[in-house]
Each structure stands twice: as C-alpha cells, then as structure tokens.
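Listed next as structure tokens is one chain, alone, in the form predicted on its own.
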Amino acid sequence: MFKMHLYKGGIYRHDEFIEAIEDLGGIVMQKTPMQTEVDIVFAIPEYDMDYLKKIIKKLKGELIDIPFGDMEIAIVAPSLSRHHLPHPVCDMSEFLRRYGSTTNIVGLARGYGKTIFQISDKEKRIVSEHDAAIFSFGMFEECILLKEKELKGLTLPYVLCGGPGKIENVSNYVGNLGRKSGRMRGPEEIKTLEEVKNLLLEMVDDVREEIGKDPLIFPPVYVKRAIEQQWDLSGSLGDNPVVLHLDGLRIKKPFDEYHERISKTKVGEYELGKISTLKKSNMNDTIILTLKTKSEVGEGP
C-alpha cells in the first residue's frame, strides 16, 4: 500500500526529490515553498522508501511519517454543548491532524448521562463512513461501560476515552481523558494523546494488512489525482474537496449534481463508476466513493 510522508528541506535541488518520487511511481500531493525551505507531502509504495531515504540524506532533508494522511477520523462526543466540549475532544482532533488525519467532530443527539444515552442508527452510519473513530465518554467507569454497549455492531477501528485510568476487559480504552477545564499541553497529557494515537494506529495497521490481501484496483491517491485533473472541484479558501480514505474517497460536493460526472472519470483504462460504488453520505450531501478490489473487478489471482 501507499504510505504518506512529509519531506522538509531546502528549496535548492528539491526538484531532484520530486523527480525521484515520480520515477518510483509515487505522487506529490502538496508542495509548499517557504523562502529557502520547502515542505512536500507525498505518497509512495512502502517498498521504495529505502531508495528515497538515500536521496533525502544526500539532500540533507528531513523525512516525517504521516501515518493518518490517508484517513478520515470521527471524534465523537456525547454532545456539542459546553458540558462536553471543547476539551479534550478538540485537543484530540488537533493532535491527530498533526499526523495527517482529516478529523470531524460528531456530537450525539442524546448523549447526556447513562440513563438516556443512546446512539441512533443514523449516527452509527455517519461514524461508519469514517476510517476510524474516537469516542470520548465521560468520567465514570459504570457510565462508560453502559455507553460502550451501544457501540455493538460498529466494524471500524475505534478507541474509547474517559476519565478512569484503566477499565478492565476493555482493550481499546485509554484513560485520563475525562472532563478538563484547560488545554492538554503538559508532558503527561501529551503522553496520553500519544497513547490514543498509537493504539489507533495499531488497529488501523490491521485494516491495512487486510486490504493488502486483496488490494484495491487503484490506490485512492491515484483516483484523487485523476478526479482533480479532470474536474474543477475547487471551493472556498482552505477547502479540501477530495478527502482520502483507506478504501476510497469522500468527495465534498453535492451528490445529485456531481455523482454522474465523477462516475465518468477515467482512471487508467476504466471509468470510475465501473470500479467503485458511490453513495450519498449520511452526514451531509457529499459523495462517499468506495473502490472495488482487484478480485471484484476480475484482475485478482
């Protein structure tokens, strides 16, 4: 599978690095020049990284992994009120963005307390449109365990967070993330956020391994580039209209207006509509595109 990375180095001779990425079949996702420095976000097959590292060393640049660069992650809070926001949900969201993730904060309609807590089928479908999720579920062990039962049926990787340091028999739980009145900036708090990241990454690596057993017909980064080259999807300043998923894309344009033209996008010798499924998002009027595997298209072993 393709992995996302960030190269930081001097502007001088950075074109050699870009040429090396393209020669290896990789894709330059973004280039940001800053006076004498340049940041380059790129995706490349993992088995080509040893060769690329030699070039980075030659150019005296720095390589930074972006482990969540091809993912959209849901940060789920019991509500969007001041009782449950902005900390630590916003801190977790910001922290994961540093590692490349696109994050969406989701507030539940009936998330207050253990007696009336529930997550509706629509809310489950919204969360399931993401590659992974983090649930922030309060301060008390009994309350967290009752809420955790409502998550049965979710098949995506997810991490539970709450106030108690540890909860027995819940392997995907990270504690010390209960209600806080300030930003998570201290060493111990950063360490806790790192624990969330590492646990989620471990679970996501299992998903990547499963996808690798029957690879997608095209890497999502290739499909993203093809769509952006063939259609004008630009939006407002700061908009990212095509978001990478592990198995496809989210295209943040109205479904009824855009799904037909997206289906006609040429990727290699295929029309995109024949090698993927497109559906309307439950969260908003965007397009969720899921790529078919090589075996589904008839190119598998």
Partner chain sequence: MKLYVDSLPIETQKSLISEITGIVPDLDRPVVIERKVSRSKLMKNIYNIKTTKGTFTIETFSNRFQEFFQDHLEDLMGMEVQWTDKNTVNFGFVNTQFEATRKQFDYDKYTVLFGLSGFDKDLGILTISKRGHISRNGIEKSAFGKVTKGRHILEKIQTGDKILEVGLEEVKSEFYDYSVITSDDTVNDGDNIITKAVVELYEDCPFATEHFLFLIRNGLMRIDERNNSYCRNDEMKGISLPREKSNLRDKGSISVRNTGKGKGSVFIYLIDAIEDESHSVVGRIINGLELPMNISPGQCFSISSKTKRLNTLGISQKEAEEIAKSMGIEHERTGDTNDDAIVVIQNPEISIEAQKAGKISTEGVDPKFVFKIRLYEDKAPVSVKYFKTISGMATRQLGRLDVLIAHKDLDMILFKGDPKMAGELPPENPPIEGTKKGRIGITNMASRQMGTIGVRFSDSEEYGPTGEDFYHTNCVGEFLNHDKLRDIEEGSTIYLLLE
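Note that this is a predicted model, so its numbers are computed, not measured. Numbering follows the first chain given and starts at 1.
Below: the form predicted in complex with the partner chain, not depicted.
When the partner chain is considered in the model of the complex, only one residue from I64, V243, I27, I56 comes within 4.5 Å through any heavy atom, namely I27. Although the partner chain is omitted here, in the model of the complex all of E19, E210 and K213 have a heavy atom within 4.5 Å of it. With a 4.5 Å cutoff on heavy atoms, F2 counts as touching the partner chain in the model of the complex.
R13 belongs to the set of residues with a heavy atom inside 4.5 Å of the partner chain in the model of the complex. Interface membership of Y99, defined by any non-hydrogen atom within 4.5 Å of the partner chain in the model of the complex, is ruled out.
Among residues of the shown chain, W231 is not one whose heavy atoms approach the partner chain to within 4.5 Å in the model of the complex.
Listed stretches are 66-74, 32-40, 253-261, 267-275; the contact stretch with the partner chain in the model of the complex is 267-275, by a heavy atom cutoff of 4.5 Å. In sequence order, E210, K213, D214, F218, P219, Y222, R225 are the residues of 205-228 having a heavy atom within 4.5 Å of the partner chain in the model of the complex; the partner itself is omitted from this view.
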